[in-house]
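In structure tokens, the next block holds one chain alone, the form predicted on its own.
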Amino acid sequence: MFNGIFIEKDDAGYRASRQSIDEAALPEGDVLVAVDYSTINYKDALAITGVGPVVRRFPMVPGIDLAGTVLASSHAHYRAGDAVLLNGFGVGEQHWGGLAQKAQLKGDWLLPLPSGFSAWQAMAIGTAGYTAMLCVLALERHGVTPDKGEIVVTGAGGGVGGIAILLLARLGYRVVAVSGRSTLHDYLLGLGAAEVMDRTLLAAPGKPLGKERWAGAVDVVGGTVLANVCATTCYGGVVTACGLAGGMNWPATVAPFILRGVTLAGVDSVYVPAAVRQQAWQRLAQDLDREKLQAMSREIALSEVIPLAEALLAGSVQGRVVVDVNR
């Protein structure tokens, strides 16, 4: 038996609880992992609360991230004792995930724990930080260098936004952080933002084109905010879009793309090929300020996950949250 967060849906409704789970119930997989740490992301909060249609099969153990140690393996690349990491691949949605003490997985989904990172640090980064790095790589791939101008980061108080600020600032970009929480002003400046902008300036419906300001963007919010970011991006600028905290709809026009040559680059983190994942984690090891990562992260016990999911969706969680699944 092992402890985990368990989501059920039946005639009695949709519910998540911390339960003792029989190891025999684990889904098929060729690697059994003793999970040390997981984390809680926006998608996990949607799954736990049932607010969004994230979970595709029931019952489900949520958790799109995990770091731990291999207990048993029939996969060619892993053996007992290996330290491993997982982000995405539908885990926590279609296959039992990381918010439990054990996980049985396909070895092809795993990466060796990157050299120099502890399991705790890997989960402080998690899908949020890994996604932020994918956004930075996309900006670089499209030629957005620090000398081109300012980078705007929306949803800056969350995990993706916060780590994006850490990375971009350390790489020499001038970063403008956008947040709806005035209490985070000093926190965001401490991460490396040069300026903090109130989200209300981007949240109201705007014009098809606005005054050019951004050389690039990391957008976690979507909706009207993304539309306004595109409308105020400079000629030839690049907007990376990786989230929908502000909504799935996108009330925009084609004007920024056909009149200013703006590029909208979608960033998916779930099914990225292994080579790109490895590149992202190598760059995280190279470019991420670990002291600031530690400062923007905190740890909770497995028993605290469910109430935290509500708080995360309410926009009241700051930075990154690591989950010790063994307490």
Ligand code: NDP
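Residue numbers here begin at 1 and follow the sequence given. Predicted model, so just to flag it, every value in this text is computed and none were measured.
Keep in mind the form predicted together with this ligand is missing from the figure; the text below concerns it.
Checking Leu139, Val175, Ala100, Cys242 against this ligand in the predicted complex, a heavy atom within 4.5 Å turns up for just one residue: Cys242.
This chain is displayed alone, yet in the predicted complex one of Ile151, Val229, Ala128, Ala122 has a heavy atom within 4.5 Å of this ligand; that residue is Ala128. Using a 4.5 Å cutoff between non-hydrogen atoms, Ala301 does not count as a contact of this ligand in the predicted complex. By the criterion of a heavy atom within 4.5 Å, Arg79 is excluded from the residues contacting this ligand in the predicted complex. Taking non-hydrogen atoms only, Asp268 approaches this ligand to within 4.5 angstroms in the predicted complex. At the 4.5 Å threshold, heavy atoms of Gly192 stay clear of this ligand in the predicted complex, well away from it.
In plain terms, the part of the chain that comes close to this ligand in the predicted complex, with a heavy atom within 4.5 Å, is 36 to 44 out of 36 to 44, 256 to 264, 55 to 63, 282 to 290.
For the marked spot (Ile5, Leu32 and Gly68), a heavy atom within 4.5 Å of this ligand in the predicted complex is absent from each of the three residues.
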